[in-house]
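In structure tokens, one chain follows: the form predicted alone.
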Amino acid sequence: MADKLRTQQQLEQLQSRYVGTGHADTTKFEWTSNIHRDSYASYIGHPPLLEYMSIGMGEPKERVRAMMIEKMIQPVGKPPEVQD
């Protein structure tokens, strides 16, 4: 029983430290948004990968970088409307 409690405490600690880890109330929209944002951040943070993608797209590296930063605002579109 102590192992289960310790595991639960560690999970709660991770969720409070890292926003993208999700929790029981995370919606599908939030989850996919976090995945897309993490992917764009990784692409931007690794210059060789960004350069590879820019060559494939036929665009300058900085333009691809700026395009990815803009996509991070709403990576999967507008959020769904909340029904009361």
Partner chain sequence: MATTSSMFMYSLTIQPPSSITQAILGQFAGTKEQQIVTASGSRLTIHRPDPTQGKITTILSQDVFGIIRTLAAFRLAGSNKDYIIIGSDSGRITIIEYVASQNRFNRLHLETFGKSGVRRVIPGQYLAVDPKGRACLIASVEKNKLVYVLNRNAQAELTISSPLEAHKPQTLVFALVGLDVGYENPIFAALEVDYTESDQDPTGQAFEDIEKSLVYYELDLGLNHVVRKWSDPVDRTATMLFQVPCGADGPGADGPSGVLVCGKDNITYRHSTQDAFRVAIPRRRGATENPERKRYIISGVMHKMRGAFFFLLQSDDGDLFKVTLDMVEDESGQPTGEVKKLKIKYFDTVPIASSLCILKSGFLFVASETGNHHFYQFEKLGDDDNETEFDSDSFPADPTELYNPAYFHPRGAENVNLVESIDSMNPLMDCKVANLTDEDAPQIYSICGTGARSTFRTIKHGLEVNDIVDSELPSVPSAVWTTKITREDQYDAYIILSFTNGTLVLSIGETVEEVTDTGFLSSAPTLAVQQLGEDALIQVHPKGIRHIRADRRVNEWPAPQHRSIVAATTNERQVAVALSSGEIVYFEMDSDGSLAEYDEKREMSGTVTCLSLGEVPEGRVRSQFLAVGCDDSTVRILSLDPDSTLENKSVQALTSAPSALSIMAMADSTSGGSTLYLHIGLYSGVYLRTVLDEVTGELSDTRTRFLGPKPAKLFRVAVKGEPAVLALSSRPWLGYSDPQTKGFTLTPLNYVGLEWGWNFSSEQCPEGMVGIQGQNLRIFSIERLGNNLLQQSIPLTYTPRKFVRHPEQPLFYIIESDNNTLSPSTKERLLNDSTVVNGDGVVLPPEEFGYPRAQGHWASCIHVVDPVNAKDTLQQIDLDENEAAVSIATVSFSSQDDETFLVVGTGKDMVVSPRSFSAGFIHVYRFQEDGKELEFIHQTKVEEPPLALLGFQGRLLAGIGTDLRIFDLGMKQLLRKCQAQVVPNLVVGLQTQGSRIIVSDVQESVVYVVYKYQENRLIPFVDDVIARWTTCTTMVDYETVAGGDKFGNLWLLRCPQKASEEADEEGSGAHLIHERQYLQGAPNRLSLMTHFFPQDVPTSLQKTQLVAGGRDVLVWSGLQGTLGILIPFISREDVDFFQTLEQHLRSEDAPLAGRDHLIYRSYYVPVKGVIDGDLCERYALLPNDKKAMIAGELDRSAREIERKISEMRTRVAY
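Every value quoted in this text rests on a predicted model; they were computed, and no experiment measured them. Residue numbers count along the first chain shown, from 1. The term rigid core refers to the most C-alpha atoms you can superpose between the two forms while keeping them within 1.5 Å.
Omitted from view is the form predicted together with the partner chain, to which the following refers.
Novice: Answer for residue 78 alone: is it within 4.5 Å of the partner chain in the predicted bound form, judged on heavy atom distances?
Specialist: Close contact exists here: in the predicted bound form, residue 78 approaches the partner chain to within 4.5 Å, heavy atoms only.
Novice: I'd like to check something about residue 9: if you look in the predicted bound form, is any of its heavy atoms closer than or equal to 4.5 Å to a heavy atom of the partner chain?
Specialist: Although the partner chain is absent here, residue 9 would stay clear of it in the predicted bound form, with no heavy atoms inside 4.5 Å.
Novice: Would you check, heavy atoms only and a 4.5 Å threshold, whether residue 70 touches the partner chain in the predicted bound form?
Specialist: So residue 70 counts as contacting the partner chain.
Novice: Verify the contact flag for residue 25: yes if a non-hydrogen atom of it lies within 4.5 Å of a non-hydrogen atom of the partner chain in the predicted bound form, no if not.
Specialist: Because no heavy atom of residue 25 falls inside 4.5 Å of the partner chain in the predicted bound form, the answer is no.
Novice: Would you say residue 73 moves between the shown form and the other one, meaning its CA shifts by 2 Å or more once the core is fitted?
Specialist: False for residue 73: its C-alpha shift is below 2 Å.
Novice: Please say whether, between the shown form and the other one, the C-alpha of residue 62 moves by 2 Å or more once the core is aligned.
Specialist: For residue 62, whose C-alpha is compared between the shown form and the other one after core superposition, the shift is less than 2 Å.
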